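Just one chain is shown here, as structure tokens, and it is the form predicted alone.
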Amino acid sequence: MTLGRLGPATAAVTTHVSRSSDATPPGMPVKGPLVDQFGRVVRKLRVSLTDRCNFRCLYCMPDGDVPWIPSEEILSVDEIERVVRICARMGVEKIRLTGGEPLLRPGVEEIVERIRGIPGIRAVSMTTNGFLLEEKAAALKAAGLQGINVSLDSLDRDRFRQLTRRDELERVLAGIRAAARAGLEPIKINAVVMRGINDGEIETFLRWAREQPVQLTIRFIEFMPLDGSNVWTRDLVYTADEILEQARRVAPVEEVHNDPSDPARLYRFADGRGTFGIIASVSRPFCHACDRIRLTADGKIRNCLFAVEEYDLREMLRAGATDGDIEQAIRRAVWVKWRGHLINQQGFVKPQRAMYAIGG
């Protein structure tokens, strides 16, 4: 199947610049846990270290030249640490480092170490394409990184090349092996499933994972409207029900007791040989239990992956704002988080930023 450009760019993202003079929304607590107007408490922060990536995955990156964020607009290590420290004081416990490709960020090991040392942060993990993982896994482990998610959408070399526009399957597989040797755990494999592209590999992935000497959790992700080339259509979404149907051909499957705030619904094979997850943002939204917010590489808070409004912390960080000012700006950004995304509704507007510029 050929994926072409199917539509125009969507409406621009609105950036709100929070200031200490901004009014406190009615009912918003100014102390205590970081909470939104529907009572969801934020415990997790995803921090994008860069928008740059050395792959060009069809479901993420635009065609042709990529409009990278200028380097001077990217948050510094000190600025990242400061924002995380402020969030930790409000109850954020888990940090996931994302991109773009986070291992392209110079000094990524230092960033891991500094975040891991912040009081209140219980876990630091990362999502990567795996290209640089073989050479960096041991240093990341030494710096305090725990879990690693590796994006891998095909085990077939030709299909991998079609999806990523790079012939680097063996290097990614070597990175996964290096992560296991380094003791990074859990190791999760993220596979975006697209109808007519790689939906025939679900059983292949599961059988492969069951044969590995270390535990790998395959997480199948429904194709979401966050691609940079506007190729997404509902017809390309291979749903959770269809994924489960294929998994049951491998062996009997039973559902695991799931944390409702976890985006992946987990399953295990009844014979004890492996677990897998399904992230069904399109067909089974889990917005009601969402406990995550995002910090983009250029310092914007996004209270939802599909948000069309952002809240600028970088301007505050560089204009001499106090920690208290920044804390209240984050609280305001979280408080107005909507009840849920509108992918399955008529009013849905695709965010202008693609996944690589948001942070996965």
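Numbering starts at 1 and runs along the sequence shown. Owing to the predicted nature of the structure, the values given are computational and were not obtained by experimental measurement.
A second form of this protein, the form predicted together with a small molecule, is not displayed here; the remarks below concern that form.
Partner contacts here mean any heavy atom within 4.5 Å of the small molecule in the predicted complex, and among 168-176, 234-242, 200-208, 95-103 they occur only in 95-103.
Mapping the unseen interface onto this chain, C60 counts among the residues with a heavy atom inside 4.5 Å of the small molecule in the predicted complex. Using a 4.5 angstroms threshold between heavy atoms, Q162 stays clear of the small molecule in the predicted complex. A residue is said to contact a partner when one of its heavy atoms sits within 4.5 Å of a partner heavy atom; V250 fails this definition for the small molecule in the predicted complex, lying far away.
Within 4.5 Å of any heavy atom of the small molecule in the predicted complex lies no heavy atom of I187.
Checking A280, I118, M224, A182 against the small molecule in the predicted complex, a heavy atom within 4.5 Å turns up for just one residue: M224.
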